[in-house]
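So this first bit is one chain, no partners, the form predicted on its own, shown in structure tokens.
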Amino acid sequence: MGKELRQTIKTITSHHLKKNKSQVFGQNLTGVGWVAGTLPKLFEKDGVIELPMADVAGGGIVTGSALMGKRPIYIIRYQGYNWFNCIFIVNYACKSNAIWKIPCPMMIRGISSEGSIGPVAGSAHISTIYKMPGLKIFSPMTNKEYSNVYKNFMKSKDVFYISEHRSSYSNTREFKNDLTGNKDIILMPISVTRFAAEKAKLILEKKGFSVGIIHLVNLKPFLIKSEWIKAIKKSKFGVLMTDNDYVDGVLRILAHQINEKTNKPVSVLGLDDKTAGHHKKVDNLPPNELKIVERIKIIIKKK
């Protein structure tokens, strides 16, 4: 069995602290589980800094570390806390280099998850900060993807936001795009829906559909590759994009860019437009493979 993603993140973090004399900030980092096994068992003397439960202040402290050239890692345990944790980051760190020519590079690990954890802690929330200049956003779900994002961070002066998902930490596989031949429709999944999209693709192919897939990692800047454009233009029914966020955000922004480049229809599928609760009966979960299959059947039937 291959290495789990959690181990890659742990190794990168340990290397970053020891070789670069950097810092990792967050709340309840050294508690049970060590951030789902993604944090090495290091402490304050090693650069692992426990922040108090003052969410707004945390981002300001990390910004100060970044201004000192530490290239800190900031762990946001629940991505919904972007609303609190990112105030100083988007209003200072992301603007510092552009205004004062003082780089403020940091790597933010925003962790998303779903399932009986309520309206704030659940799902992805990068749409709240997506529009801010000076911020780069990535959603790696594999070992190679995460390692590549980290390498790019070490070469950059920008703020990097890594949109993680707890369900990906046990992942050992790498994803591959499939654009060969003429496709009926092409899936473009983000975050944890990439696992569901792969399963949906297999189900649909067994039913006789030709389904392509483009796994999205680099969300901002979002560069649509020429081979993607060619494949989408040749497809019969365009694109279905999926995410574990509400559709009126990053999904529609990226969908519009794809439509502009290809002039093909782009449908979106994300969270239902409702507030999640703290019990499975009132969850608001990302689309699974069955929902993706159902939506594609509807899209094709309409044509």
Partner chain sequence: MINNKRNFSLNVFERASICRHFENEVYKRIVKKEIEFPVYLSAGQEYAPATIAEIVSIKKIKPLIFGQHRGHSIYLSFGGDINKLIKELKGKKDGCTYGMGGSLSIHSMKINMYGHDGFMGSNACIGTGACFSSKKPTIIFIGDAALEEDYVLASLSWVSKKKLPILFVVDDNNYAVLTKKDERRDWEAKELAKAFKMQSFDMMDDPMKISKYLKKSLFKKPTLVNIHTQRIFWHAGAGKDKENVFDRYLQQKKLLGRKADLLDEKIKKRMKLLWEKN
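What you see is a predicted model, and the numbers here were worked out from it, not measured in a lab. Residue numbers count along the first chain shown, from 1.
Another form exists, predicted in complex with the partner chain; not displayed. Remarks below refer to it.
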| property | result |
| --- | --- |
| Selected contact from Ala36, Leu67, Leu42, Ile253, since only one has a non-hydrogen atom within 4.5 angstroms of the partner chain in the predicted bound form | Leu67 |
| One residue of Val120, Ile102, Ile224, Ile203 in contact with the partner chain, assessed in the predicted bound form (non-hydrogen atom, 4.5 angstroms) | Ile102 |
| Which of 181-189, 80-88, 133-141, 148-156 lines the interface with the partner chain in the predicted bound form (heavy atom within 4.5 Å) | 80-88 |
| Within 4.5 Å of the partner chain in the predicted bound form, all of Glu50, Gly60 and Tyr92 (non-hydrogen atom) | yes |
| Contact of Gln23 with the partner chain in the predicted bound form (heavy atom, 4.5 Å) | yes |
